[in-house]
Structure formats: C-alpha cells, structure tokens
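One chain follows as structure tokens, the form predicted alone.
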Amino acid sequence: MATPILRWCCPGRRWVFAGIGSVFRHGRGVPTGSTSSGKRGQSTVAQQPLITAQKPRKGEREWAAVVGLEIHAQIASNSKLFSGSQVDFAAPPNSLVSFFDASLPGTLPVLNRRCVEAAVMTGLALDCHINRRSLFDRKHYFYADLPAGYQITQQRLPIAVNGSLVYSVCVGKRQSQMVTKTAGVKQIQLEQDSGKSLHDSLRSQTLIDLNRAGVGLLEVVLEPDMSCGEEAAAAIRELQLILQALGTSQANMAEGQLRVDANISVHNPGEPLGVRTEVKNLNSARFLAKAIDYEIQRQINELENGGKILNETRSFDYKLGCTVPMRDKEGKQDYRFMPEPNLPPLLLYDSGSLPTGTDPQQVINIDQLREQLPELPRVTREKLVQQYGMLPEHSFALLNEVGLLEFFQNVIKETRAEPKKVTSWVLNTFLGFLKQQNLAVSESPVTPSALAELLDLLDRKAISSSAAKQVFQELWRSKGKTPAQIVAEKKLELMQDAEALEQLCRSTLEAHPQVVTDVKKGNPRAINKLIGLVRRATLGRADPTVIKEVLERQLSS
C-alpha cells in the first residue's frame, strides 16, 4: 500500500490529502485496502510527513483546518486573586496557602486590585471593549486540587470582549517574508487557578500542592481564526511579548505561567465545520505547533479512511510527537454555573464617569490605565526597521529573546559601527554563543561595552574580521579582559607596514609562478589562493582587501 501524504499549504488554509502511487475510491483519496476501526483513539493511519503544495491535483481532496485557542496567563502579582497569600513558583509545597485557598468554612474572597488592573491593561492592548460592569461566577467541578469544589471565574459577563491580536507569520522558501494576520479576541476573563496534582506512580499515590490554588489568571479566548500550528505558535509568541511588555504576566511557559488549550477541527471547503477536538495544557510554542499540525493530520487521515472524529479532550505526548485521548466530551459537562454570592459586580470607570469625591484607591480608572500603556512589540519592531534599516525578521529576533533588544541598543549607543553590522554581530555571533551555552542574555560573559569596543576596532580597521571573531571567543572565555588587551596579547592587530606587505606579496608571486600563470589565464580562484598564502605569511594580520589590491597592482605591472 502506498504511503498517504498530507500536503500542507499554510498560511493558505488548504490541506490536501493524497495517496501517492495508489488507487483512490470514488475520488475520496482512500488507498485500496485501507481500513479503519473508527474507535476512539485507534486510527489505523500513522503520522505522515508534511510537505507543501500549491494546487491540488486530480483525485486529491481539499481540507480546511480551523484552530481556536484558549490561553491561561498567570497574572504578575505579589498575592493571589482573592487572598493575601504570596505567589512564588519555587516555594516549598503547601507553604503559601491561606485559609481561603484551602476553602476553610467561613472564609470570604477579597478581590486583588492589581489583578483587575492587569486584566484591563491586557484588554486595552488587544483593542478590546472593556465592560464597565462585569460579574463573577462559580464553575463547579470536583477534583482533589480544587478544595472548594468550584472555581471562581467570569462566565456570564467577562471584563473585556471583542478585541484582536495582530501577529506575523514567516513565509517563503527562506522564511524571510512576513505576512500579517489577525485573530479575534472573543473575551478576556479573570479567574482563579487550581492547585497542582503530583502523581507518584512508584508509590501509587497522588500528592496535592495548593501553592498555586487561587493564583490570578487571565483567560484569553481567541476566535477560531487560525488554520495551522505555525499560525497558532506565532500568535502565542506575540501575545507572550505583549503580556511581558505590559508587565501583566511574566508569561514563562516553562514555569506554567502561560498554558494553551487548542480547539481543532477539519472540514471540506464550503461544507459545515467538522467535529472539534481539544488538546489541553500545551506549555511551549513549539509543542503547540506540533500538536496542532499532528491533530489536523490525524483527523484528515481518520476521515479519509472512513472513520469518525470524536468530540474529545486529548493531550500531546511530546516524546512520541502525537496527541492521545484523555476523555470524551460527547456529553456536555454540566459545570452548574451560578453567580458568585460573595462578590458584588465589578464596576469600572473612566474619567467622565468617575464619581466625585471617590477614593482613587477604591476604583479602577480605565483612562488612567490607558495612559500607562507602554510601547507594544509591533510598534517597537516598526521603529527598529525604520530607525536602523534592519529586515523585519531581524526586528522579530531581537524582541523574541528576553533582554536582547536592550543589549542591542546599549551596543548601538557605545559604538561607531553601522547598525547593520551591530545587528549581524548581535543576532549571529552573540546570540549563537548564547544558544550553544544555553544561557540567557543576562548571563552573558560579554557585556554590551565589550562588544561595542570590539566593533570599533573592526570599524577603524585595527583588526580583521577573522581576528575579531578570535577576540570575541576570548572575551567569552576570559571575563574581565578588554578587546584591546586581547588584541595586544595575541598580536592580532592588522599589519600597518605597507612596505613590508608589498615585499611579502612580491615574494609570494615569485615563489608560486604557476598560480600567477593561472591568474593571468583568467582563473578566478587563483587570486584567492595568492591572498590566502600572503595572509598565512602575515599570521592573519593583513586585511584581505588590501592584499588583493597590492597583488593586482603587482600582477599588472
């Protein structure tokens, strides 16, 4: 049986399923002899590779994928949403639990002002309508890490609605062209987090840590406006940058501060949307993209083989690179939503509706928060492109790494080198060393001042580009030394004696008559060989451009 291959055209929102070298039944793309049990989680078609296609061929079937995201972002706050307990990721288990977090009888919620401000600022940054009046609800479900048996959230009337998230996706063969896309923001709501269950399989027991119980969350619900994993990952990265710029969330996915649920379905263009599945708790943009693309492909494979997509919750096994079933969602779970009786409606104001004589500490002024909004990532990127003439993808790279933009700007302030050269060194050499060593920008042994001094040496032709790379390597190893000291110790400065260079070039020509003959016959590689020989004689201390000029002058005389 031929191997079925899924052709992936993203961001064109077209998925085409084909059987390569096989016979299709009724043009549906089902290879002869293929079968499917149609049972839950038992697809007979394995995960297949993704390749791109511009246009479906005869016998191929088109598919459209629809992806929506629900994002839970932990609010950057010193205390929890409804209690005074401290928030600390690294704290010992159950050391930051108040009576309210443990749901002891008689305890009442007290709303955290900081969390409300974070929700409003996030809504403003995403062009949402901020509801002047929002409500809290109880969402009931029973699990060991939720002592109260319900979660306080905003189901009926959330704090912000009807916004948009603008993000960019790289396309093209070299991933250099940026396409701007928009995902609608359905709503942003405040809710409390649950605790954490730690499953110990060796002892056959589950341990509960309630440190996270009650931590404030922003749930950002995106409309199903995406069509593949790459788009979803780009949208999440952009939202992550926005939250970090606002200071409303640290959005560190590795620490669970940003968790994503993806809702995925496929259908034939022009037909009703298909049955969707939900992939829960994705904690990295890379895994998000992989999980979505795998799930789209799994659903298409299942349907093409006569199977049925079940409305179910799945998880992503990153080791196997596939999604696996968790539980059915065929019967809608009854959360028994009800108004939260211990919290009144949340009222917000603007400058025009602010009651006279009101204590500013007791109300939230939307206009005041709007004035405090910092520059958003997309504006920063536009400025970088305009100010320094860098490529759009370079502006994305500078913002995607925490602290890298600040490092770049500090180098720019202290060097006379052109911005393009600074960009190249920061993104290629500096960032490359960081990734090799798995270090953050803040942990770099090379400071902006040291790199600026090195680029100045290179700019005034005191050293060659190859010598500059040697100096950078030494800076990385020898913290405390300056580039000038390393150049002096290693004797890496460029040769300034023009007469001595003339003599070296002449000697090289005399010692290699055959190479000289090749140059005169028009062999373009021969001159490079001569340059290399002279550079070796100068221990790399001569500028290749100057060497070439001297050699060409001597050869023509």
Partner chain sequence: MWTRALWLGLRASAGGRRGFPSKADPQGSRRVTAELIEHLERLALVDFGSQEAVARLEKAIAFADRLRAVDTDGVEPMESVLEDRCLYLRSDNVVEGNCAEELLQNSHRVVEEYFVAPPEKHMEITPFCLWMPPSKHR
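Bear in mind the structure is a predicted one, so any value in this text is a computation, not a measurement. Residue numbers count along the first chain shown, from 1.
Absent from the display: the form predicted in complex with its partner chain. The rest refers to it.
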{"item": "Whether V260, V379 and V385 all lie within 4.5 angstroms of its partner chain in the model of the complex by heavy atom", "value": "no"}
{"item": "Heavy atom within 4.5 Å of its partner chain in the model of the complex - the one residue of S83, N301, T277, T415 that qualifies", "value": "S83"}
{"item": "Sole residue of A462, L399, I208, L310 within 4.5 Å of its partner chain in the model of the complex, by heavy atom", "value": "I208"}
{"item": "Partner contact for P269 in the model of the complex: its partner chain, 4.5 angstroms, heavy atom", "value": "no"}
{"item": "Contact label in the model of the complex: L391 to its partner chain, heavy atom within 4.5 Å", "value": "no"}
{"item": "Partner proximity in the model of the complex: A484 to its partner chain, non-hydrogen atom cutoff 4.5 Å", "value": "no"}
{"item": "Non-hydrogen atom contact F136 with its partner chain in the model of the complex at 4.5 angstroms", "value": "yes"}
{"item": "Heavy atom contact within 4.5 Å of its partner chain in the model of the complex, the stretch among 464 to 472, 286 to 294, 366 to 374, 136 to 144", "value": "136 to 144"}
{"item": "Residues in 103 to 138 with any heavy atom within 4.5 Å of its partner chain in the model of the complex", "value": "S103, L104, P105, G106, L108, P109, V110, L111, N112, R113, R114, V116, R133, L135, F136, R138"}
